[in-house]
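What follows is a single chain, given as structure tokens, in the form predicted alone.
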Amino acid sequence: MKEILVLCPFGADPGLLSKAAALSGGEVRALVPQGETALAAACGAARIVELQAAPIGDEARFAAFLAERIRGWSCPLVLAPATVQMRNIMPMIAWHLKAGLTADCTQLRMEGELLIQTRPAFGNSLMADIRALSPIQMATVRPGTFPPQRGEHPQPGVERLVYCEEERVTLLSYRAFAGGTPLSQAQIVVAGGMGVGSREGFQKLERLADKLGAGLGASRTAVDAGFAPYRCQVGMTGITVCPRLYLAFGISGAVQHLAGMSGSGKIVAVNSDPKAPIFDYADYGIVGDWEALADKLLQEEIL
């Protein structure tokens, strides 16, 4: 099986590393920041490149640096999480390597020596299987698409890579748009749809999410209606999540939304419509008023 290189220079993605280990039979080389070698090894990486670098200011120069290293490693398959920074850097790496790149994948599988990459297409009306015919195949994957799996490599090889940037660009600051745990990494998600009915309704769900230590999610229609910000959108055109528990309030269960949360461990759906499609996918379904249940949960003592 061909070696798969997983580029995580800004933070290891355990789910993506686990998936790469499963696809390659353990032949994974992981590039991770200094201090995250143990996490990479726990997810099955056989070879770990520990990157020592100051904050990256010039992404084009960093992309050229990584492309040169990839040539030296002779890795035919290159994956990366589709984070804000890697969405910028991966196309530049692909240009240097003259490689095919599929962005924002939601599924990966191997067919012989070819990596089959699945992603939404044609306005999210269908899922397209894509393969690259170039010698190097590249893809970015939505964070949170694959759940982490423990499969620690017993004796991973570790090398250190130092990147020093010339003072052409100075990074003044970099911070996440929203604080707390990213929605894609939340173990519990409290999500609302159009059935919630208002921005005030979502404020109640946000209080419930805070109480449960959960992330706040929303359907695309709820975001389009202005009930919740885009950073909460779960689905094909939003964030993919795979929490242990997904609480869906007033969500009908459109295909686009289900694609973003189908990897959840347990799904609890609350909807006043007994024929709502989401009940076909839920582990537990409650036909009734979402707000009455949310109020009840807010009153409960959480240990």
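One-based numbering along the sequence shown. In this text, the rigid core denotes the largest set of C-alpha atoms whose superposition between the two forms falls within 1.5 Å. Owing to the predicted nature of the structure, the values given are computational and were not obtained by experimental measurement.
Separately, the form predicted together with a small molecule exists; it is not shown, and the next lines address it.
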*Any idea which of 247-255, 58-66, 29-37, 43-51 reaches within 4.5 Å of the small molecule in the predicted complex, heavy atoms considered?*
247-255
*From the list Leu97, Ile116, Leu208, Met194, which entry has a heavy atom within 4.5 Å of the small molecule in the predicted complex?*
Met194
*in the predicted complex, the one of Thr140, Gln137, Thr145, Gln233 near the small molecule [non-hydrogen atom within 4.5 angstroms]*: Gln233
*asked:* Contact check in the predicted complex: Met90, Pro182 and Gly215 versus the small molecule, with a cutoff of 4.5 Å between any heavy atoms. Do all three pass?
replied: no
*Are any of the heavy atoms in Gly25 no more than 4.5 Å from a heavy atom of the small molecule in the predicted complex?*
no
*asked:* Residue-level question: is Thr102 within 4.5 Å of the small molecule in the predicted complex, judged on heavy atoms?
replied: no
*Report whether the minimum heavy atom distance between Gly238 and the small molecule in the predicted complex is within 4.5 Å.*
yes
*in the predicted complex, Ala276 touching the small molecule (heavy atom, 4.5 Å)*: yes
*asked:* Once you overlay the rigid core, does the Cα of Gly197 travel 2 Å or further between this form and the one not shown?
replied: yes
